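In the form predicted on its own, a lone chain appears below as structure tokens.
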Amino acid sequence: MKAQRSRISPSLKLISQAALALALLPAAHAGEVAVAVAANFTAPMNKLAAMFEKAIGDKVVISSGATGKFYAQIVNGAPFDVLLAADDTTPEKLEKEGKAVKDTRYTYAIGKLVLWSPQGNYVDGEGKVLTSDFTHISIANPKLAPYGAAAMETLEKLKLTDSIKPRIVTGENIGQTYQFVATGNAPLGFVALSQVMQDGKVSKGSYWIVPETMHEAIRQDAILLNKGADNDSAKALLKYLKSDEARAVIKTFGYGF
């Protein structure tokens, strides 16, 4: 009796071998990037992280807070891959101190300062309310928060520093500053435009967008930290934030470029 020959074609054999080879490969794992995000950029970053995860497939772990505190944590070994700062001096400092990867720093947004109140018709469009007899005004700590420094520069420019200083309620960061106003502990305050803006417009209350000529530009820089030097997800995120898609979102929160 003659032995039966296999009727499997050569091409089918190749497909079977390829399938076997793929099955033997280790399962692919999505990457992950840990990002320290300035408090004023929390809302846009939450939206951008979801878009990035959907587009790239890597996970973004967000920690938000004051840039000054992040600096101290990074110097002491905090496990962040990327810093999205509220200023341009902190990333530059980290680069000079060898805590971040050289030539990865860039401005991802230019922040805007706004005098805001949740009450309608309280803040006028020229900021003249600052000369009225309001009880308190909330301002972020100018020593730690760029928006606080910009607010104090504005008061100085208006020659109102001495008259308003006794009524200032200082927030530890711009997030706490916003809470003081939003909860009524202060009737108005200087906050980041991004905190009160959604879909390209201020969502509630009354406001005065402070002209950029009143203070130094609030340049917000991003940088790849040493821990993320070999993290492809971290590099991909920094690249993604420069994309037209990401910038369109950032713009709807009131930032410039």
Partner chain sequence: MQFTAENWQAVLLTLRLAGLTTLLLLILCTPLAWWLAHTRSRWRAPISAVVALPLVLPPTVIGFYLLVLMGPQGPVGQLMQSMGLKLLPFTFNGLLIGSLVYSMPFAVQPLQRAFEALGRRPMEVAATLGAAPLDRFFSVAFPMARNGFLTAAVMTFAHTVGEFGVVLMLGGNIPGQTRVISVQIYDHVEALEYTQAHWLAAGMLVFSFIVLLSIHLLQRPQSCS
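Residue numbers count along the first chain shown, from 1. Keep in mind that this is a model prediction, so the values were computed, not measured.
One more form of this protein should be noted, the form predicted in complex with its partner chain, which is absent from this view; the next part is about it.
- Looking at Phe180, you'd find a heavy atom of it within 4.5 angstroms of its partner chain in the predicted complex.
- The closest heavy atom approach of Val169 to its partner chain in the predicted complex falls within 4.5 Å.
- Shown alone here, Lys102 lies farther than 4.5 Å from its partner chain in the predicted complex, counting heavy atoms only.
- By the criterion of a heavy atom within 4.5 Å, Lys159 is excluded from the residues contacting its partner chain in the predicted complex.
- Scanning Thr107, Thr89, Asn185, Ser163 against its partner chain in the predicted complex with a 4.5 Å heavy atom cut-off leaves one residue, Asn185.
- For the options Met152, Val114, Leu94, Leu144, the residue carrying a heavy atom within 4.5 angstroms of its partner chain in the predicted complex is Leu144.
- Between 50-58, 185-193, 218-226, 35-43, the stretch whose residues reach within 4.5 angstroms of its partner chain in the predicted complex through a non-hydrogen atom is 185-193.
- In the predicted complex, Ala66, Gly68, Lys69, Tyr71 are the residues of 53-71 with at least one heavy atom within 4.5 Å of its partner chain, listed from first to last.
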